[in-house]
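The data below hold one chain only, encoded as structure tokens and taken in the form predicted alone.
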Amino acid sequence: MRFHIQTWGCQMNDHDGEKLSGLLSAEGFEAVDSVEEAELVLLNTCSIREKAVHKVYSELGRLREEKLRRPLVVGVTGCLAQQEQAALFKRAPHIDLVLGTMALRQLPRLVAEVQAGRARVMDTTEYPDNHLFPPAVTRRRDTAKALVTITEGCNHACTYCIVPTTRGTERHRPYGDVLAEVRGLVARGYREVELLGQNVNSYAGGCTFADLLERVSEVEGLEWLRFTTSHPMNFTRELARVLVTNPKVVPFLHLPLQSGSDRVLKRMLREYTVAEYLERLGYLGEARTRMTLSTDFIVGFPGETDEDFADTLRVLEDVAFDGSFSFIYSPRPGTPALRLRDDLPMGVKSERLRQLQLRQAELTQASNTRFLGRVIPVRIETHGPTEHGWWLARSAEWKTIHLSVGPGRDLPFGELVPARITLASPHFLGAEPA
């Protein structure tokens, strides 16, 4: 049976896709590159924002037409599957299977049941050992960086967030398992690893997260170590110390703020004030100027006033984030924020988002300009030039690099090469091999 997996969402979803692919490959199934080639299509979904959900249902509509033309098994996995469960069958009756986020290893069983003639099979059980997925089964994509899950779920209760529903409470992998996986990846040729979790800072698999970073960095052959995502409430002085002193931990931090208004943060149940967030950034000391700092913003949260939004713009200006991911508030089923009065016109929300993103683009441009003329190590992320003639690479600071390389020259995929920065835009850095 040939299968194709489409994935939406975060790095955790990407890594889940690698696990699902590995499970099917272990059963003798063959991965293919398109729906048209496949006999089994899995939609590996995200539900954190309404737009992501719309994309999934749009694709399900396309698959319904495809299924009318030929035999095809259609499955939905990931966060939307965990959230909607049996309701998915009502909205899209042509779905054959639904697999929750905490039941990944049940996929072969569900596929076998569909092949045996059973209709609408589902497993959204919260298996307690799901986070202990065997690394050897994972079928990794052809990427320069390897993803490693260290914790799943979240114990915070932000009023807008569906993650505690779709991913459950926190479960932590023992640090020995994490170290063994990283060693195995390095032995296979990976030189960069990203540790994943809904809140990596809260890691408690036998040591603190700061300790885990130190232990993983000792793996011989590992060059760069990243992590995502962090919660400000669990960002400690010790973690900051490791971030700025360990040469293998990259100088990049993503620390979501969400709003610059204490009043809005309280309604979001973020558990910190703006002053406390800034205090945690202060743990980085003068090393902050050598790092890239990004954040998240939610614009138009229920009850957000003009003054609240002005507070967000002030924090954006004061911190001068190198980058940010910003979105209009998206109401999610089952979240406490649905009980809040949301009376802001969409036009107002859209204008606020436009203002924030415009100023962020200016700040990102200024951040990128400081790289001009410098020679920095970058990791090659493509096997050849893109259609535009560039090779794509990434810096330790998580800057996208477009490398201009002369004809007939190849660059080593996954390896570090020195690059001289020649161009700075809000979206990427232009460079040439040094």
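Note that residue numbering follows the sequence shown and begins at 1. Small disclaimer: the values here were computed from a predicted structure and weren't measured.
In what follows, reference is made to the form predicted together with ligand 5AD, a form of this protein that is not presented.
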- prompt: Counting only heavy atoms and a 4.5 Å cutoff, which of 199 to 207, 342 to 350, 212 to 220, 296 to 304 contacts ligand 5AD in the model of the complex?
  reply: 296 to 304
is_contact(Ser330, ligand 5AD) in the model of the complex, heavy atom dist at most 4.5 Å: yes
Arg379, heavy atom within 4.5 angstroms of ligand 5AD in the model of the complex: no
task: Answer yes if any heavy atom of Tyr160 is within 4.5 Å of a heavy atom of ligand 5AD in the model of the complex; otherwise answer no.
output: yes
message: Can you tell me if Thr138 lies within 4.5 angstroms of ligand 5AD in the model of the complex, counting non-hydrogen atoms only?
response: no
query: Looking at Gly168, Pro251, Gly323, Pro256, which is the one with a non-hydrogen atom within 4.5 Å of ligand 5AD in the model of the complex?
result: Pro256
message: Only one of Val405, Ala396, Ile48, Ile401 gets a heavy atom within 4.5 Å of ligand 5AD in the model of the complex. Which one?
response: Ile48
